[in-house]
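Okay, so here's just one chain, in structure tokens, the form predicted alone.
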């Protein structure tokens, strides 16, 4: 139970919050914390456990979001079907990217993932006949479970919580399973892992494919919740950095780390935007400066991440 103590606190608080909180803004913030934490956990499967640091994961997020928008508006299909379609498309794309770039390491792999996401951004923003180009696509609201049309934010809280718990359990499995140890070996020293008989290239491709599919699933849920898909947002480099940043600050390669990072980043961003976002034309970006400085301080003071810091406190006599 001590291993899961931090997760029990986070997920338990999220489960109890709708019972005592009625403020729509606070519930919306909780939903976003869970969704961003889940997306960072999906990134963590490849970036944290396999060492495949990607700054192009917005590509898979965007595929999932566009699957929900296009299948819903053009063919009136359920977002659950779009979820499966998006996951399959993201898996196929990641297998191609993973196979072509599995010999690349470090910054070269990062550049390959960035290039892929930017290619999709250009296609989505200029293919007006299919994606409506840079205007974006409004996701239709159709009440019901089959259509994921929930006006009540409490329902969205528990739906986001269920997906977050699934990602947490997947990460816990990777921490104690054979494939998880093999991924850790590849992450720490790929050459040594290959010398011991670990199929490092195949494992890296599998990790990227699994991470891409999970990211796409989250993209579908996000599109249904927000109700609008904008190509310059869902395929943006900023979004990919956000996934990685939450995992790194929370504790890269840990199951609860992405959720710690999401709590800190989402809360801090919301507070600073509300407090400083409207200060003068010349100071319109002051909240971003404060936000960046505070994040640098956290990384410098707690290099092991928030999960490592909290774990260290719990182990003290």
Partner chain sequence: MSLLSVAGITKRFGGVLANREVSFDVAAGELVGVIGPNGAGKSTLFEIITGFYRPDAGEVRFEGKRLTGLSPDQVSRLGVGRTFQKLRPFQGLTVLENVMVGALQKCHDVGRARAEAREILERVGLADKADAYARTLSTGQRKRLELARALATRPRLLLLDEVTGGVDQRSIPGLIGLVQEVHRAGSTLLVIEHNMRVITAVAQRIVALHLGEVIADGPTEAVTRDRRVIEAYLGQAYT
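Since this is a predicted model, take the numbers as computed values, not measurements. Numbering follows the first chain given and starts at 1.
Below: the form predicted in complex with the partner chain, not depicted.
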Completion exercise
Answer key, the partner chain contact in the model of the complex at 4.5 Å (heavy atoms) among 154, 73, 194, 134: the residue is 194
Completion exercise
Contact with the partner chain in the model of the complex, heavy atom within 4.5 Å, among 93, 83, 185, 161 goes to 185
Problem - Close approach of residue 199 to the partner chain in the model of the complex, 4.5 Å, heavy atom - result: yes
Practice task
State yes or no: in the model of the complex, is some non-hydrogen atom of residue 144 no more than 4.5 angstroms from a non-hydrogen atom of the partner chain?
Solution key: no
Exercise for the section: Determine whether any heavy atom of residue 181 comes within 4.5 Å of a heavy atom of the partner chain in the model of the complex, and answer yes or no. Expected result: yes
Practice task
Could you tell me which of 135 to 143, 84 to 92, 173 to 181, 216 to 224 sits within 4.5 Å of the partner chain in the model of the complex, going by non-hydrogen atoms?
Solution key: 173 to 181
